[in-house]
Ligand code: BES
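As a starting point, one isolated chain is supplied in structure tokens, in the form predicted alone.
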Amino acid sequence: MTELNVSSRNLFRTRTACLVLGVREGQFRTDWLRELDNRLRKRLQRSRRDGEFTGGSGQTLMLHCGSELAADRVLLVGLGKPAPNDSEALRRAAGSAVRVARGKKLDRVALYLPSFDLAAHQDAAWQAAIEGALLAGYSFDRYLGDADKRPTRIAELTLVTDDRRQAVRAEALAVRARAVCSGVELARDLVNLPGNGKAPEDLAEQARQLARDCGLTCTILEKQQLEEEGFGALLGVAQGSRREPRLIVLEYRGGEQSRKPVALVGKGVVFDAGGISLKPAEKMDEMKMDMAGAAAVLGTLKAAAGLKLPINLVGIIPAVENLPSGSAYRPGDILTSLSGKTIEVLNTDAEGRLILADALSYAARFEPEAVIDLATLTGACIIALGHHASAVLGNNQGLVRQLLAAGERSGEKLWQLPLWDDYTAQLKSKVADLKNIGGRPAGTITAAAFLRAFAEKQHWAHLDIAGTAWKDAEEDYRSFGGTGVGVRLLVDFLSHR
């Protein structure tokens, strides 16, 4: 865990291996940049003249210091041109700076917060920069036996401000950023774990440990209880694996006792081979990430508890493994869900919506004021939105609008897709109440239409994070592998709610 400090010492007297300064494109006339250039004998000016650094988004320039500064190096990072709300640009810039420092095997970094500006939104700007720096320090290396292969960890991150009043504000923002990033890192760790390290039972134990650490209430429903309750859709998906399913329920009570909770439902397919409708071999290894929705729910609960948010939450995670075997459910099978609705299975690889159907029905028992589910649900979402945004659909436009706004503020962008009644026709079955796929057209929308049938009268929104939960390459503050998407979005949503 990175040690996080706040200092109101003059930035030129800050002792660190790497002092990071944000620079707006073309804006080199600030007092501190002038003084820096003078102390460094016009080296910055020469770099600008030679076209090495303009302050453009993503640019970095490292300058070594002698006796001119207390810091060993100064790292300038470009913030690009100002925009009305570009906190994500600041988050990425701070993350890029930390990645550069780690690449140089530097383990002590100082961030000069006043250089990360955002007009009229200083707190948002500073928190974004702190988050970016902390998140860029993450790596998943627990299985690397050779210490030399492990990336450098940032042992100390110092937040530098101009005066004590700013330092007090920075300390409060640092506490918040630390709690949020702790939730993101938990989600990343869970997604990055290999399939043999996170059976449904393991995920349930992780939830129990989280409950012990954070003062949550934890209830685990095992296979016999699920059978007794009638979780037919969830059990149908799970029957192909020897590793038995679990329904994980976590409750956080931070609000008034009489206030209804917000329910967060996360898809927890710990490994998805597709069942009898077997997936292609290429990249099947990445299907360990098919529980990213569950990871986001656990990470959000951890962050909410750390922040002591004055709200009540219930997290519900249906945890299963979807494998082909002699006992696996088959295309053509008909399952009876917890709600009593029957489902014709046409594709066993459309399993996420089946386990979520039962979880959404179960969520109604808590009489929540809102229900939000998160799932790596459809490849169609990646075709529609790529890896830049998650899809949001729902039956309550007010709830959807709140999530869209939280996405803009947190940098975890959402894009709304329609959920008109016309799409429901694609789910009609001749032998059951509905079928589990609606064909190739509008795959993300018909999957959401299927879930809407089980959300029923609850205020409900669905987040399809198939394209945003995993990164093939490391960039700025987003590490290779699990991104932890959903945690920052939900914490922002809950904080504003």
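All residue numbers refer to positions in the sequence shown, first residue = 1. All values derive from a computational prediction rather than experimental measurement.
Not on display, but discussed next: the form predicted together with this ligand.
Chemist: Checking a candidate spot here: are 21, 106 and 109 all in contact with this ligand in the predicted complex (at least one heavy atom each within 4.5 Å)?
Modeler: Checked in the predicted complex: no contact with this ligand for any of the three.
Chemist: Would residue 379 sit within 4.5 Å of this ligand in the predicted complex, counting heavy atoms only?
Modeler: Result yes; residue 379 sits at the interface with this ligand in the predicted complex.
Chemist: Although this ligand is absent from this view, report whether residue 165 comes within 4.5 Å of it in the predicted complex, heavy atoms only.
Modeler: Answer no; every heavy atom of residue 165 is more than 4.5 Å from this ligand in the predicted complex.
Chemist: Taking this ligand as it sits in the predicted complex, is residue 466 in contact with it (heavy atom to heavy atom, 4.5 Å or less)?
Modeler: Contact with this ligand, yes.
Chemist: Would residue 353 show up as a contact with this ligand in the predicted complex if we use heavy atoms at 4.5 Å?
Modeler: Yes, residue 353 sits close enough to this ligand in the predicted complex that at least one of its heavy atoms falls within 4.5 Å.
Chemist: Name the stretch, out of 77-85, 344-352, 391-399, 166-174, where some heavy atom lies within 4.5 Å of this ligand in the predicted complex.
Modeler: In short, 344-352.
Chemist: Which residue, 226, 287, 309, 218, is the contact with this ligand in the predicted complex, using a 4.5 Å heavy atom cutoff?
Modeler: For this set of options, the contacting one is 287.
Chemist: Between 279, 365, 330, 150, only one gets a heavy atom within 4.5 angstroms of this ligand in the predicted complex; which residue is that?
Modeler: Residue within 4.5 Å of the partner: 279.
Chemist: Are there residues in 241-280 with a heavy atom within 4.5 Å of this ligand in the predicted complex, and which are they, in order?
Modeler: Heavy-atom contacts within 4.5 Å come from 267, 272, 279.
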